[in-house]
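Encoded as structure tokens, the following chain is the form predicted on its own, with no partner shown.
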Amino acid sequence: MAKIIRRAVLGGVAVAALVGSSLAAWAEDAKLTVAYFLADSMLPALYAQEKGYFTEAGLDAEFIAVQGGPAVVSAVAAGEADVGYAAPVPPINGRLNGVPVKMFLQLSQEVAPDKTYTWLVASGASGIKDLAGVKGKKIGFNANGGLCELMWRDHLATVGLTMDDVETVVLPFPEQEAALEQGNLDATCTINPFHASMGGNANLGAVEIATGTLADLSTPLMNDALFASEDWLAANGETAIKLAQVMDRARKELLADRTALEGAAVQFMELTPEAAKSFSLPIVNESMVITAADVQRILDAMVKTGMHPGPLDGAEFVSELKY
């Protein structure tokens, strides 16, 4: 059974490493290092590591936690991680800036009206009641050029606002709740497990002003992905397939067992047992296969909201994996 046994430094950022306990397996299993940041759709991977499923599949997996998607891209680009987890925008931006990465699995999706897993949340003290109320206010997102910036741009446009109408603050997800409570932020884009924690914070008085990455979620939208360099994918197809199979096993177990899901949310997402009761995995489609069409919707939204001049072709950003 895996456990946290050390702290490492990756690009100057303190990280927690999860490694298998069997030293003998290290000599036999394929090495796999995954850089990630804490988010709901990574829960099956951490659960699978604890259960020993990666070792059973012949993988010596190590999980390295960093602060956000751009840091994950940096880790993969520097060769400090084989595989990265992030929302799709950071690896898209990485590739646009010359980092030869491609996405090969999608872990989550959203669709309206009842399966949305990103939120724009205001503090009660801010006085914000709706999207129009953020004009002139301090709004937060976890990284420049990330999915949360896209979310803000797309939703603000529905009420005739742009980023020029607000004051933006870049702050990692784990720091946003305190910033809202202290008045350093008026509203922010958040995901689970942080949204669940905000909802249980009576002092914050959180007000949801929008849900879903894009205002139009009439069809499912990819929310995040696993990605790797083109060279790594070309040389490690079997390892990528084993990774997908382990993730698939863990996802199905957690979806079928609410008690296991809540227990894992407490253990790995750092939620209280009460907050874990409202936690859910952001899964719409059982399949994790990613296609050019899945990515194209994100690219089109980036162009529409002014994040990139375009045109952009989804096929350039995907290595489709069959598992």
Partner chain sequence: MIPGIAVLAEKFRVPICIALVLGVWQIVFVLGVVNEKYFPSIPTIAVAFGQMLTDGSVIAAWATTFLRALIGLIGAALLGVALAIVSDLSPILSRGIRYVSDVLQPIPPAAFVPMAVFMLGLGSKLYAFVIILVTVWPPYLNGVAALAGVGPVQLNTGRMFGLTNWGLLWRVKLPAALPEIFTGIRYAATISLIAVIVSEMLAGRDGIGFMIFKKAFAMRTPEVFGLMFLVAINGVLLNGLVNLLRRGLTGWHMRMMERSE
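The structure displayed is predicted, hence computed values, not measured ones. Numbering follows the first chain given and starts at 1.
What comes next is about the form predicted together with the partner chain, which does not appear here.
Just one of 194, 119, 232, 152 comes within 4.5 Å of the partner chain in the model of the complex, counting any heavy atom, and that one is 194. Think of it this way: in the model of the complex, the partner chain has a heavy atom of just one of 218, 245, 162, 182 within 4.5 Å, and the residue is 182. The closest heavy atom approach of residue 80 to the partner chain in the model of the complex falls within 4.5 Å. Residue contact with the partner chain in the model of the complex: residue 285 places no heavy atom within 4.5 Å of it.
In the model of the complex, the partner chain sits beyond 4.5 Å of every heavy atom of residue 186. With a 4.5 Å cutoff on heavy atoms, residue 85 does not count as touching the partner chain in the model of the complex; it lies far away. Heavy atoms within 4.5 Å of the partner chain in the model of the complex belong, among the stretches 206 to 214, 233 to 241, 121 to 129, 169 to 177, to residues of 169 to 177. Taking the partner chain as positioned in the model of the complex, the residues of 262 to 285 that bring a heavy atom within 4.5 Å of it are, in sequence order, 268, 269, 270, 271, 272.
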